[in-house]
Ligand code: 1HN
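Shown below, as C-alpha cells, is a lone chain in the form predicted on its own; questions about how it binds or moves come after it.
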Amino acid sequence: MSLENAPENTDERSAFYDRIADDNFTPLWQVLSNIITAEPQSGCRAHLWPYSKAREYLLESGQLITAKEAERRVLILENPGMRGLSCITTSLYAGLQLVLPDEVAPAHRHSQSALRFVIEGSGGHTTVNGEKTTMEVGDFVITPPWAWHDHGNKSDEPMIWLDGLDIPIVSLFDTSFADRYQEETQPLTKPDGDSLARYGTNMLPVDYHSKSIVSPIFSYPFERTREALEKLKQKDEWDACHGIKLRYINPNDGGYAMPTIAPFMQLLPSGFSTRRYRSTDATVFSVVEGSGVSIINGESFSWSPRDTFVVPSHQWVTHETSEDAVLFSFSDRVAQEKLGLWREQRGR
C-alpha cells in the first residue's frame, strides 16, 4: 500500500514518471509514505552542549570580534543532525550570546520572536521598545516580533545568555524582515520596571484593553519564579513526568507568553526519577540549578548548571536528579497546540 511503501514500479510507469517530470509533476503515490509518515520523522538529534566548553569558545570569540561589528556575538547551538541549518530543532533556533563590559549590541528589530535566558553575569541590560531591564541569572526576557531592542553591559563581568528564536518557523512562511535603528541605542521612554508593575502583579490598569499575542511583560525575574517553585515544593505534589513545571503566561489571556515559543520552568527534587514521557514538541533545556541525568531514547546525558541540551520530538525521556534541580526550557508547543498538532504520551 502507498501509505507504507510506494507501489511497484513498471517500465510503463517509469516512462510516464519521466515524461511528466519535465513539466514539474510528481505522482503522489510514489512519495506518499515519505511525506505523510506514521510517526514523526526528524533529523533532530538529542545532544548536550557543556557550558564549560561553550564559555571557553565564547570568550575566545570576544577577542576576535566586537559585539558592534558582529551585530550579535552569538555561537549558534547547531543540532548535530541538522548541521548547516542554524537550528537546534526543526522549528527553533538557539544560541549563546556574549556581551563584554562596556559593550553595546546595537539596536535593531526583526519579524522573529526572541527570548533571552540569562546564564551568567549581573547588571547587564536589554532595552525593548523604550524600556530597559537589568538582567540577572535566571531571568527570562522577551523580545516581541518587530520590537526595537538593544543590549548593553555596564558591569565588570561578561554577560552570557541563551537566545531562543523562531527563525525556522518564520523562514518556512517566507516572512523574515529586519531593520537597523538609526542610532546604536534607542531612547528610553519608560522607567525601569514599568511593564512588570503594570501587568505583572495580577492587576491591570483599569482601562487597559489588549488582545496582543505577546505578553506585555517582557522581563520575568528569576527571583519571583524561584520563590513560586519553592512554595509549591512545600505541598509535596509532584507530577510523575515533570516534577513541578510552570509555564510563563501572557496576562492578557492566560495563554503562553509568546505566540510561537512556549517557555517553562520546572523543579525536580533530589533523588527524583521521572516517569517516561514523550511529546511532539522538541524541547530545549537550560540547567539553572542542580545536576542529574536525562535518558533520551536510551542515550544518557549528564548535566550540571548552565549546560544546554535538547530532546527531539516524540522521543522518550526520563530525568534523574542527584540534588534539587531547576530547569528552564522552551519549545514550539504553543504553535502546535494552536494548529491542533500537539501530542504527548506518558509511560508507565
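When you see a residue number, it is the position in the sequence shown, counting from 1. Just so it is clear, the structure is predicted and the values come from calculations on it, not from any experiment.
The discussion below concerns the form predicted in complex with the ligand, not included here.
Here the chain stands alone, but in the predicted bound form its contact with the ligand, taken as any heavy atom within 4.5 Å, falls in 91-99 among 239-247, 91-99, 226-234, 182-190. With a 4.5 Å cutoff on heavy atoms, Asp163 counts as touching the ligand in the predicted bound form. The ligand is not shown here, and in the predicted bound form it never comes within 4.5 Å of any heavy atom of Ile213. For Lys132, no non-hydrogen atom is located within 4.5 Å of the ligand in the predicted bound form, even though that partner is not displayed. Among heavy atoms of Lys154, none comes within 4.5 Å of the ligand in the predicted bound form. Scanning Val74, Val141, Ile169, Leu196 against the ligand in the predicted bound form with a 4.5 Å heavy atom cut-off leaves one residue, Val74. Highlighted residues His110, Arg116 and His149: every one comes within 4.5 Å of the ligand in the predicted bound form, counting any heavy atom.
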